[in-house]
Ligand SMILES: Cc1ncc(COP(=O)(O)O)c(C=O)c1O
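In the block that follows, a single chain appears as structure tokens, in the form predicted on its own.
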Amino acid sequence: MRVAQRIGLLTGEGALEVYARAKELERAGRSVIHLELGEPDFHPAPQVLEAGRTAIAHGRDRYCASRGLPELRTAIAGYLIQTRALTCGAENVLVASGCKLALFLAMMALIEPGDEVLYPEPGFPIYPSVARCFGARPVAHRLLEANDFQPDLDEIVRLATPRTKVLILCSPNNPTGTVYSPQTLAGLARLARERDWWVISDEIYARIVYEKTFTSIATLDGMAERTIIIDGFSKSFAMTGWRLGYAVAPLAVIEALDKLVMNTFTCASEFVQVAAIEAIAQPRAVETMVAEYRRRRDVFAVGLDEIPGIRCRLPEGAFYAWARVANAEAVQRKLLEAAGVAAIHGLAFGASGVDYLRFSFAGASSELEEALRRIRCTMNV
């Protein structure tokens, strides 16, 4: 007996594989500094935890609306209007059990076998994995250092064919930390309108920006009706294990997603949604967290760039340092096995990442200086 062939088209995540090896080393008594996972070391605000506890105590652990609690969808719409200047209402929001699931359902709703999907590389490995699973051909457009890690519009034009159906964006980008420029977004929007593409805009890091200002492509002329925004509570609200994401889309797409919810997970947990309403009501918690990430970035990314043999640009958003290193794969292994510093080889994010390492500064505040010391010693050997 065999499982379906589509399972063989799916790939894993390099970060989780490195994490598993790092935990093996720790069980053997080794000291490991975890810079491989994009998981904040923050926890939700006390008011959020209390809201979750109270919801459970009051019996809010039952089935609820498949699209999400109406009060949460209203809160999300208001939050996006305030923080992103989006034009949307509660009817344009669907809640899912995690951002990945929202992305998975959106791609399932839009992609037909034989379609082509343009996605950024280096980028989140789930994009091409899920596209292949649904019978599409994933086509990578590169984010190169020579172009400041911005999408190259000319390359996208060359790669596009009549079968291109979906363009995936991720700004701020994982792993490069790039915030797409207004000029880039305007060019991408023009191509999407001219060629009648759907756009999936992964905005999970939209609140974690530093000097630059984030703009959603959905706010540009003619884009709200062809854009599906994917976002969630894991990164900006430090609620990774709560598993709560959402999609923002035209009503016809929301109705399609709702059918998929009814045929898969039924609804997101009610008490988690109640806690998420409280998270949105605590904007200072997000601001405090982002200020701390900025401090860590200025320590760690700058420190990396000062180490001979490493070049690291200051990330504009998210919480990753994307560092160019000769023999990056060998250095990644040496850092983990000999120095106890867990990072991800850039090849995990596509062929364009072969000469890079990704370090997360989201979850190791007290250990960043020690990590820099260990990396410095390893590079000097």
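A residue's number is simply how far along the shown sequence it sits, counting from 1. Small disclaimer: the values here were computed from a predicted structure and weren't measured.
Keep in mind that the form predicted in complex with the named molecule is not shown, yet the notes after this line are about it.
Enquirer: Want to guess which of 135-143, 112-120, 168-176, 216-224 is within 4.5 Å of the named molecule in the predicted complex, heavy atoms only?
Expert: In the other structure, the partner sits against 168-176.
Enquirer: With the partner left out here, check for me: in the predicted complex, does some heavy atom of Phe42 sit within 4.5 Å of the named molecule?
Expert: Result no; Phe42 lies far from the named molecule in the predicted complex.
Enquirer: So in the predicted complex, does any heavy atom of Lys235 sit within 4.5 Å of the named molecule?
Expert: Yes, Lys235 sits close enough to the named molecule in the predicted complex that at least one of its heavy atoms falls within 4.5 Å.
Enquirer: State yes or no: in the predicted complex, is some non-hydrogen atom of Tyr127 no more than 4.5 angstroms from a non-hydrogen atom of the named molecule?
Expert: Yes, Tyr127 lies within 4.5 Å of the named molecule in the predicted complex.
Enquirer: Looking at the partner-bound form in the predicted complex, is Lys212 within 4.5 Å of the named molecule by any heavy atom?
Expert: Flag for Lys212 set to no.
Enquirer: Going by heavy atom distances of 4.5 angstroms or less, which of Arg243, Arg163, Arg294, Arg311 would be at the interface with the named molecule in the predicted complex?
Expert: It is Arg243 that has a heavy atom within 4.5 Å of the partner.
Enquirer: Within 4.5 Å of the named molecule in the predicted complex, heavy atoms considered, which of Tyr79, Tyr205, Phe149, Trp198?
Expert: Selected residue: Tyr205.
Enquirer: Relative to the named molecule in the predicted complex, which residues of 67-106 have a heavy atom no more than 4.5 Å away?
Expert: Gly98, Cys99, Lys100 sit within 4.5 Å of the partner.
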